[in-house]
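Take a look at this single chain in structure tokens; it is the form predicted alone.
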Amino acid sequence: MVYAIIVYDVQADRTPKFLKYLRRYLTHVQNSVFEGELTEGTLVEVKETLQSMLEEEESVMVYRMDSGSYVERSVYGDDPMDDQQFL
């Protein structure tokens, strides 16, 4: 498993399309930001799909870490990842 943080910047009317797709794999932590664990194969699939969904002047950034244990994560306020622990 790898840990990924994915950030997208797309036209406002296209945001629901990206939101719906990424919710299948990762936790929505803030507007246009998702994170969580994926297999290496799923990450490749997600990256290819996101690239195919992009239109001109839109972008996606993917941060890949070998493990969530290498990520120092600080959250101030409500943490959407807390809700994922009880599913």
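Numbers for residues come from their place in the sequence shown, where the first is 1. What you see is a predicted model, and the numbers here were worked out from it, not measured in a lab.
There is another form of this protein, the form predicted in complex with a further copy of the same chain, and it is not shown here; the text below is about that form.
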{"property": "Residue contact check: E57 to a further copy of the same chain in the predicted bound form, 4.5 Å heavy atom", "result": "yes"}
{"property": "Non-hydrogen atom contact T39 with a further copy of the same chain in the predicted bound form at 4.5 angstroms", "result": "no"}
{"property": "E72: touches a further copy of the same chain in the predicted bound form, heavy atom cutoff 4.5 angstroms", "result": "yes"}
{"property": "V62: touches a further copy of the same chain in the predicted bound form, heavy atom cutoff 4.5 angstroms", "result": "yes"}
{"property": "Candidate spot K20, L26 and M53, all three touching a further copy of the same chain in the predicted bound form (heavy atom, 4.5 Å)", "result": "no"}
